[in-house]
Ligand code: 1HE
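This document opens with one chain alone, in structure tokens, the form predicted on its own.
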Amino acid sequence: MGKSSKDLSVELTGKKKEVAIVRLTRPAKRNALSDGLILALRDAFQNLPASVRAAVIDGQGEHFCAGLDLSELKERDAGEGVHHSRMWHAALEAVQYGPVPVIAALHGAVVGGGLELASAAHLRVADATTFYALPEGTRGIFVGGGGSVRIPKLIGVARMTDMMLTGRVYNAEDGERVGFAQYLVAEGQALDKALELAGRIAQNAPLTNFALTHTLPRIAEQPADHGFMTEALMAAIAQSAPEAKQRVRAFLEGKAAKVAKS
């Protein structure tokens, strides 16, 4: 088991404790995000044990996360608002650019700040109960937890604009179709599927996982000529690792499994 607090628990699983389950534990509040919970998420991802190779974010109860805890909405001047938003940015950066790949196991509400949290993960598995919304637009506010940067990369600017202008809600099937989730499973199966994926990911070479979670998103933002150079450098670093050499050798000697149709 890992560290736990009132609103967040961290559990280690796998034979070598290589997968961390980071769980929001405010079911009575539909796992709404308070500032304390956001900071607990930051601390959890900044302090994952060395054994952990992949992490899963889950929500206790019927919902993944229904967004910002409305009891914390208060009037702020512009400076206070900027600092508050930047605090959320730093916390979700610890998820996206932390030490390991992160999979979000989605069910029920994935709304507002909950969708911002889900978009900071590297993969998303949704079950049939999942629905997505950004109600900030109809409440007279704007996203402040990184959603304007991350969500358009999943579904495009036009779809996010529509959600915020009109209050549109996507169900699980339509959400998977437009790009919110990479996997869609039956009700109650999101965590199991996320753990299956995390176990598989944890077997990858750590430097390859690092390249995919830290370097690939940055290459996508670079001009092509810069991206090619960054790719060349990362490829050279990754293939020089002892574990990479061992895996390539095993493949060349016919000892590694070949790719097959699933």
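Just so it is clear, the structure is predicted and the values come from calculations on it, not from any experiment. Sequential numbering from 1, following the sequence displayed.
In what follows, reference is made to the form predicted together with the named molecule, a form of this protein that is not presented.
- Although the named molecule is omitted here, in the model of the complex all of A32, A66 and V111 have a heavy atom within 4.5 Å of it.
- Only one segment in the set 148-156, 132-140, 183-191, 167-175 has residues whose heavy atoms sit within 4.5 Å of the named molecule in the model of the complex; it is 132-140.
- Shown alone here, G98 lies farther than 4.5 Å from the named molecule in the model of the complex, counting heavy atoms only.
- The named molecule is not drawn, but in the model of the complex it has a heavy atom within 4.5 Å of A28.
- In the model of the complex, at least one heavy atom of L70 sits within 4.5 Å of a heavy atom of the named molecule.
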